[in-house]
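The form predicted on its own is given below as one chain in structure tokens.
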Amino acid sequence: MNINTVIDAVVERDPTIVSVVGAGISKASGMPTFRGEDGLWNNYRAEELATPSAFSKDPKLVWEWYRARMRILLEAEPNPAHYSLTKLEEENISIGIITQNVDGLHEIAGSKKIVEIHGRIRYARCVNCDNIERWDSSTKAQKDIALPYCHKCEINLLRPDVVWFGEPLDPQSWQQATELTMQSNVMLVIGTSGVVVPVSTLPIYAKQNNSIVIEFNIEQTPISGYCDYSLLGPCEETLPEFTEILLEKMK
């Protein structure tokens, strides 16, 4: 696919862009998958640990797993794909990022209009009250630290502020995601497998809204058929190129 053909179609729209982002964007930042460090967690499936029942049964084990992920996350930095989306926002072309990632790298890259649809691993929330605390420090990520308790109610455990398997999305976050989809006329679908519902339905909503849908991925996905264009290759390469040419043509 000729990238200039894609960009010409976008420029004709006087674009209002929303991006739907998956794990592929953070791969170049060194982010781990659900498997842990040094094979320590290879005997566990994510579905066995990232659940309310697992936390209720063995909160220490679940927190050890999340701390292992945090130790790797603390070494990660945004890559050119993250910064490209920040650039689009700064130029008032992007109205928001809908991310399935919990790593917080968009925020570090400087983006401000972010819907973190699956939550935020850098934060923890009380299992009982409404308190939310930040916990992404090297000290709190250490293996032998005690289980974290809420500093507000002081009697209940904190849990990672993420959406676990079997839990519904936050209704307000989902409403923001659908509103951004309807307000845009161009959707970028970046580094997502296209199989996680309900986020995988957003490109379909965008097409029904007569938006141009552009996929950035290393290979075809189940949502490729809904996309007007697919730019195949590492998104840390294809997205910066797209952004640079688009901004130049819109001057």
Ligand code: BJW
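Each form is matched to the other, and the largest set of C-alpha atoms that superpose within 1.5 Å is called the rigid core. Everything numeric here is computed off the predicted structure, so don't read it as measured data. Numbering starts at 1 and runs along the sequence shown.
Another form exists, predicted together with the named molecule; not displayed. Remarks below refer to it.
Just one listed stretch, out of 86-94, 156-164, 124-132, 172-180, contacts the named molecule in the model of the complex at the 4.5 Å heavy atom level, and that stretch is 156-164. For the candidate spot formed by G24, R69 and P198, every residue has a non-hydrogen atom within 4.5 angstroms of the named molecule in the model of the complex. Among V102, C150, I98, L73, the residue placing a heavy atom within 4.5 Å of the named molecule in the model of the complex is V102.
In the model of the complex, at least one heavy atom of G194 sits within 4.5 Å of the named molecule. Using a 4.5 angstroms threshold between heavy atoms, C235 counts as touching the named molecule in the model of the complex.
A residue is said to contact a partner when one of its heavy atoms sits within 4.5 Å of a partner heavy atom; K113 fails this definition for the named molecule in the model of the complex, lying far away.
With a 4.5 Å cutoff on heavy atoms, E219 counts as touching the named molecule in the model of the complex. Scanning 104-118 for heavy atoms within 4.5 Å of the named molecule in the model of the complex gives just one residue, H118. After superposing the rigid core, the Cα of K87 is displaced by less than 2 Å between the shown form and the other one. For S224, the Cα coordinates differ by under 2 angstroms between the shown form and the other one after the core has been superposed. R159 shows a C-alpha shift of 2 Å or greater between the shown form and the other one [criterion: core-superposed Cα displacement of 2 Å].
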